[in-house]
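Take a look at this single chain, the form predicted alone, given in structure tokens.
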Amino acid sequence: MTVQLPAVRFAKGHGTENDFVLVPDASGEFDPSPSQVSALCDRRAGIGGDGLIRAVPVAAVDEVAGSFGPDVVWFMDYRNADGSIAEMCGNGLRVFVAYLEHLGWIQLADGGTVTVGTRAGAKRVRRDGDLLAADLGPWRVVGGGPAATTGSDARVSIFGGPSVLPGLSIDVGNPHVVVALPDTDRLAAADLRTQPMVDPSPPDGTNVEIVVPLPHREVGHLAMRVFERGVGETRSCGTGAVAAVLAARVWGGSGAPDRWLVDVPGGRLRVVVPSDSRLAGEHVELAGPATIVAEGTIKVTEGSSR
């Protein structure tokens, strides 16, 4: 049995074509169920998106109320397209801030900042001309020194590809395993319609990035595709781009650059890592565009499935 709920106000936005359904909830009254999220993110029967982001005051969310400092007003409640809750989303964080600006809830001059609450902690976002630059905070190479020495700590099987590939686990507030391929032809041929198998299997799942180094004179440069847990292949992944850079810096050794460009199917992202950080750090910056493309209202049906 399905139950028709009141119409919900929404917007559609994207960051390098990693797209989201955005819901404003200033009163903290809309706490969507997994099936509601799935219905809204359905690309045929709903609005369509890689995930849903609810813009809600920190004080209205019991799980995080009081967790952040007094300057953190807004909480980014992020859900994957299948309705599961996720810790963080780098592209989503920038789109969230662009949406707060669109609603008139904040104003950012060039160089201005806002701090946003997320399930991975408080994250500061800065206006950088046409881009938004987010400090994603603490990160680490999960396997530490031993994984860095061998270059991997996981085995990854990609459907239709080589039998087993080495992968390096990176935590950027959410889990990632990064796999290097030798050339862009193999990157393009990889079949990400099926979820890659990771061994050992992380208990809460993981995102999987496949990357290829590209030549560039001034900064590091990668091409990347990604399979996001709870979603499938997406056109971009912000935390995935950061994880890919952090893995590439491990593989590149002490001479690896600190500034990188990451080309994804949906565009280009910029990643900057403090030069003294190799295995773990407290800061890493992700920059890229964020665009709001549409808004309206939609009836939400409880009990629908993707």
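Counting begins at 1, following the sequence as shown. Just so we're clear, the structure is a prediction, and the values are computed from it rather than from any experiment. The term rigid core refers to the maximal set of C-alpha atoms that superpose within 1.5 Å between the two forms.
This next part talks about the form predicted in complex with another copy of the chain, which is not shown.
By the criterion of a heavy atom within 4.5 Å, residue 124 is excluded from the residues contacting another copy of the chain in the predicted complex. Mapping the unseen interface onto this chain, residue 23 falls outside it, with no heavy atom inside 4.5 Å of another copy of the chain in the predicted complex. Heavy atoms of residue 292 reach within 4.5 Å of another copy of the chain in the predicted complex, making it an interface residue. Looking at residue 229, you'd find every heavy atom of it more than 4.5 angstroms from another copy of the chain in the predicted complex. Proximity to another copy of the chain in the predicted complex, taken as a non-hydrogen atom within 4.5 angstroms, holds for one residue of 46, 257, 57, 32, which is 46. When contacts are defined as a non-hydrogen atom within 4.5 Å, none of 113, 140 and 283 contacts another copy of the chain in the predicted complex. Of the stretches 24-32, 63-71, 258-266, 245-253, only 258-266 has residues with a heavy atom within 4.5 Å of another copy of the chain in the predicted complex.
Annotation for 15-33: interface residues with another copy of the chain in the predicted complex are 17, 19 [heavy atom within 4.5 Å]. Put the two forms on the same core and the Cα of residue 114 is off by less than 2 Å between the shown form and the other one. Relative to the superposed core, residue 231 undergoes a C-alpha shift of no less than 2 Å between the shown form and the other one.
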